[in-house]
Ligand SMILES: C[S@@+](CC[C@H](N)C(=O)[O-])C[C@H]1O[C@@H](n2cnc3c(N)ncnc32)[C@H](O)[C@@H]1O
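Next up: just one chain, as structure tokens, the form predicted on its own.
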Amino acid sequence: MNYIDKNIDFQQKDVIEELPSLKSNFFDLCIVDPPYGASSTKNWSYNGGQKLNGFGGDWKLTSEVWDLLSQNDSFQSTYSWLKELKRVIKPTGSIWIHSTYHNSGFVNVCCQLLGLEIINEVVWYKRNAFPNLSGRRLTASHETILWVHKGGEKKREYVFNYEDSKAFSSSSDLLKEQGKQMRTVWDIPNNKAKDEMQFGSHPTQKPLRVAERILTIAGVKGGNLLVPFVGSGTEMVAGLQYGMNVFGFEIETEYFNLAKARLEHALQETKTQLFAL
């Protein structure tokens, strides 16, 4: 099942299997919110004869350690989709990757092995985080977002909308002042607006405000945005509203239909606003 419309290419397919078919150096921005166990029936291949670059040079893994990593499904899938994203992103583009303590270590290591340079590590602080009901650990109040680019270039040319990021302000963010440089800690409450939930919800749905801030920093008007794991469609909706062509994949029928409904609604709103002008 596909949903193709002006500025939208949304497919109900396994992104792990579809990434190799995408054009190289095509996307200006990629926002990744990977699910846990983002694997498929794909046969993993690391091209074992190749050297693995990272940490300033070749990373000499012992056979034992590498065997442990290569048998870990989360590591395998992360390495696989990151390798393809490095290929499809433009030298001027960048990749933003959501993570928690469950997968942030794998994401960081895979970026370094693949030569993807980490520009910043952003901490999304959830001031209104849900309390820990068991009372046996600290209340989880943040997530990590890595901002990375292809690396390997002597002159780094990734898009950074510096003036826009500096001018950005939000009444819900008690840390960001208008006219001040954007920090790596973002104070964004985790609650979603009513219209973000009108077609349904996803267990790990992010507030639209998170994607909007990423686009403020690294978006390209008229450019191409890739969302490999669409979920509820938040990042695609934000990209469409920003003025980008949006491409995405979601394998689960329930969430494909949810995201499709949100995209159709956002597209109609965009057309209505243009007509009003």
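One-based numbering along the sequence shown. It should be emphasised that the depicted structure is a prediction, and the values quoted were computed from it without experimental measurement.
What comes next is about the form predicted together with the named molecule, which does not appear here.
Trainee: Which pick from 144, 205, 190, 112 sits with a heavy atom within 4.5 Å of the named molecule in the predicted bound form?
Mentor: The residue in contact is 205.
Trainee: The named molecule in the predicted bound form: within 4.5 Å of a heavy atom of each of 9, 223 and 247?
Mentor: No, none of the three is in contact.
Trainee: So in the predicted bound form, is the named molecule close enough to residue 264 to count as touching (4.5 Å, heavy atoms)?
Mentor: Contact check for residue 264: no, nothing within 4.5 Å of the named molecule in the predicted bound form.
Trainee: I'd like to know if residue 33 sits close to the named molecule in the predicted bound form, meaning any non-hydrogen atom pair within 4.5 angstroms.
Mentor: Yes, residue 33 lies within 4.5 Å of the named molecule in the predicted bound form.
Trainee: Within a 4.5 Å heavy atom cut-off, is residue 233 in contact with the named molecule in the predicted bound form?
Mentor: It does: once the named molecule is placed as it appears in the predicted bound form, residue 233 has a heavy atom within 4.5 Å of it.
Trainee: Residue 219 versus the named molecule, in the predicted bound form: is there a non-hydrogen atom within 4.5 Å?
Mentor: The answer is no: residue 219 has no heavy atom within 4.5 Å of the named molecule.
Trainee: Heavy atom within 4.5 Å of the named molecule in the predicted bound form: which residues of 75-114 qualify?
Mentor: Residues within 4.5 Å: none.
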